[in-house]
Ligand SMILES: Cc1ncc(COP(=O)(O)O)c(C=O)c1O
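There is one chain below, alone, in structure tokens, taken in the form predicted alone.
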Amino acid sequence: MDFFDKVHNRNNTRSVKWDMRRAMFQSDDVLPMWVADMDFQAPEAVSNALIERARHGIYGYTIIDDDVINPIINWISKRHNWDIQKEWLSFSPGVIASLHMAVQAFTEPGDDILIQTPVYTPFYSVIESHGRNVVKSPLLQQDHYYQIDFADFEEKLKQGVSAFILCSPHNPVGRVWKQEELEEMARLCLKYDVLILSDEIHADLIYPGEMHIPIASLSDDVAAKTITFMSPSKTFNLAGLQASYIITPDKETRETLNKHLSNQGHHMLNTMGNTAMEAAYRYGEEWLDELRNVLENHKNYVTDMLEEKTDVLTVTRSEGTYLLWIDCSKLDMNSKELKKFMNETAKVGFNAGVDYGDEGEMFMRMNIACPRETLEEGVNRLIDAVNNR
């Protein structure tokens, strides 16, 4: 565990998380626990591979060959029990860039696209920036646990939705969807001829004992109606290297997508992203398994501390991601007051829940992928501010 306990100074590294504190929170003394990257170093094998590649000193156009592709295929088979084929893979700088292109390729201006709110904030811009309409099917919360409202889900699909952007595992509420939930979503999408765009970037970040199931792995029929977006970026803290991939089993769909990727100039990876992805999937498994244990301990610590030391903050029960969805409704503040309280009084930099949809107005999203020392500092700041308000 010592590797994940070490505190690294990320100031003055052009870190969005740390060097944008003043821009985001109007203060330099806020402890940043917001944007979804980790304060842990990537696996040593990744850093060594990048250093070795840098020694070569030439960074020309780089191909994606079998040495990169085979580790991806092996990883998905071993970790997610899904056997994919080489030709199903396409590549892009990031999942959000891929979603933008998929929306342009497979829907038309004025089309309705479904999302399950509260949900990852870029989903809104992915839809609205291309003249499509956001259709919400809010998740149901009961006893601080989220579930799908299938009656509402079907009713929205029935109204003529063209595509459904699935967040699996779900950001920010941390659900890892069970097989029966995935099967019912897939059944309804097939029934109403709705394309599934499945963002599975957090697929590897599930707590011990849980299992992520790619929705496209359910059946050939579902696979033919699904485009899956994955990346090692969240798993191994590689977001700045911009490497992701798309899995599209249906040939006609894949050809259309690849044409759009090529037209946008996004069909290749940068040299270092390519190198890091290969090393991560070849050698990062032991590192990831240790990370998952660390994150589970962190989640339990935050959950227990807020329950024991306050009577107003509750952590939503989750099964995956390193993001906690904290219910602050008992503080009796509106979203602006809540954000101001966290920034100015608690001095912790969270993501405001309202940014994920109106359903998140009384929530904050907390990133727990940091050393224990940082985590405890953030939790203590939060508890002290709440109890002394």
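Sequential numbering from 1, following the sequence displayed. Computed from a predicted model, the values in this text were never measured in an experiment.
Just so it is clear, the following notes concern the form predicted together with this ligand, a form of the same protein that is not shown.
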item: All of Gln116, Pro138 and Phe363 within 4.5 Å of this ligand in the predicted complex, heavy atom check; value: no
item: His298: touches this ligand in the predicted complex, heavy atom cutoff 4.5 angstroms; value: no
item: Partner proximity in the predicted complex: Arg175 to this ligand, non-hydrogen atom cutoff 4.5 Å; value: no
item: Ala163: touches this ligand in the predicted complex, heavy atom cutoff 4.5 angstroms; value: no
item: Contact label in the predicted complex: Ile84 to this ligand, heavy atom within 4.5 Å; value: no
item: Met272, Ile73, Ile96, Met268 - the one with a heavy atom within 4.5 Å of this ligand in the predicted complex; value: Ile96
item: Contact residue in the predicted complex, chosen from Cys167, Ala102, Val294, Ile127 - any heavy atom within 4.5 Å of this ligand; value: Cys167
item: Segment that reaches this ligand in the predicted complex - one of 104-112, 87-95, 210-218, 257-265, heavy atoms within 4.5 Å; value: 87-95
item: Residues within 4.5 Å of this ligand in the predicted complex, restricted to 8-37 and counted by heavy atom; value: Ala36
